[in-house]
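Two versions of one and the same chain are coming, encoded as structure tokens; call them structure 1 and structure 2.
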Structure 1
């Protein structure tokens, strides 16, 4: 049985006219495959439901939150199925508990661990097109759970895994993954094929095409993922294994963040375990620390420690540090006018001089680097937010990504 999994995002199903177009896309695949469809809620619906919960309570129950926000997908699935029936197809909507899709973990942040295949396989054999609610499942208490914003991508990838699908196609409002944000640089080029590892880095570093945990699921389960637009017939971007890619470029893409903040503790009294004393309470409060740099004074008694966090965690971070009795420091400085710019590419593993070329390119534009972090396939620098477009343009040209 040749199966393909299709996922449609909120903008793709945002109106009834768009849903009619989605049904036509599904019908084309039906000529060649048994089709499983996962749908997000119509654009704006989930946010409206979240706002309703906030009007009820600032501490709205997590379990009831999941019941509430999961209702958006039920609506869009019924509309898609209804349109397919209107076109003469055998189709029906499926809510997660009807399959069931089993999850584990906390409400709002669960993960899919099992999908019961029997009912869906039986329906596919009958020629049916199942339209399934993404973003959700049920736990061992038979309660509805959700798997985080953007979770329908993860739902689709897990369906592709459990049903051994030939491919998972993610339909969204962009027609693929670009070398950098085309809104910031007009010469950005669509990437035809990209590795899981590169896509994971790009998503983690600011590219918003897919959620990082969805790409990680695809990588772990070796599911080929194609990102396409539901608004055009253009070819998309294939996310696949490194060995499937023939690429002469050293750098595949450039990403940047828009919500970073820099925290600097000056004159920290240096002693063994001081970094752990600073970061432990941040971790316990679910604050993710990213780039870290430490400078030791000449006498070895003091250190300046700088790190980055998400800007929405700034107030909470300040409070936690000031209340921390285990550390002593002279001053605490925050800066929200920063952005992380990163170059990503598996080619840099075997190519010397990439770091020099990046730094030299930024230096020519008189862009100061504040913090640096690296991995095998990426180099990230923290710069002033006002220089982001200039940095992206310079790096894009340096590594010939516009060709």
Structure 2
């Protein structure tokens, strides 16, 4: 019998009624497959745990944070298993260290690098349904680790990889990947098939429906991923290799971020090495600088430098810049009211004029573009947060995504 991996997100296991529905979905697959289940914590539970850690300290220990926030998954897995046992199935919950799932990297941001297969395989052979805690593992010191918010997507894809599963099905609260967030734009259209490359860009640029690392793992390991809803039986979206896709659209999707901040240094000395002096200490402190723009110096002496970071890094960034003795500037400005809006599509590689059409349709809405960045399959612009809905709606129309 073939193996299938099913992942259930927070809303899908949000109440005991939802968990009963999830058990029914699992039971259906069990008729045809050996089923491995990965579950998130019930919705809201991980956030509550994080808030508790903040009440103890703003600098709560990273290793204890992982022990704390990983506990939500234990609860939901036991509830799913309990319900399956109730229905007469052979099922048990597995906590990451019992398997074990091995990770590497820092606490809070580890990555799964190995999964021990023996116990799960023999359990599957006995007809059991393992319900496994997502979002976590153990490191080489035998300590509990977590793999970043939304990490159960990556846990499921790594299980599909190690167990050579036929596919990995991600059950969530929307019935697929849409041209843009369907909860924000009513005319968003479901995408039937999307390439890893486009999905990775959409996820990295803000489409919460899949965690970006999970798509990197799926692409590397060639795992077919189906995204569907645990609330309806509608067909979902397949995330797969480019060569399986025939697509006539220039743009596949539009994403936007909600946690960017803009930093501007006014009147910086315009001389070689200055940008390096600004960015080196930021990178040494693990602050990820994203979009960068430097104005042309009018007098040859001074210039303005603007860049974006994650808004949670704002305080740290401010401190680092103010303490940096290697740079001089006239003023330092921070702006949290920004959002990066991106259009994504492999079709733009072969289609001229996409940039122009994007900028023109934003201009028609009187939306000012603050910073621009591009890659082969995406164009991103930084705009004022208040214009995001208007921008997405205009771009959605311009590139005929509602058709």
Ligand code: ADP
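Each form is matched to the other, and the largest set of C-alpha atoms that superpose within 1.5 Å is called the rigid core. Only a predicted model underlies this, so the values are computations on that prediction, with no experimental measurement involved. Positions refer to the first chain, counted from 1.
In this pair, the copy labelled structure 2 belongs to the form predicted in complex with adenosine-5'-diphosphate. Once you line up the core between structures 1 and 2, the Cα of residue 24 stays within less than 2 Å of where it was. Relative to the superposed core, residue 387 undergoes a Cα shift of 2 Å or more between structures 1 and 2. In a rigid-core overlay of the protein, residue 333 has its C-alpha displaced by at least 2 Å between structures 1 and 2. Core superposition places the Cα of residue 368 2.4 Å apart between structures 1 and 2.
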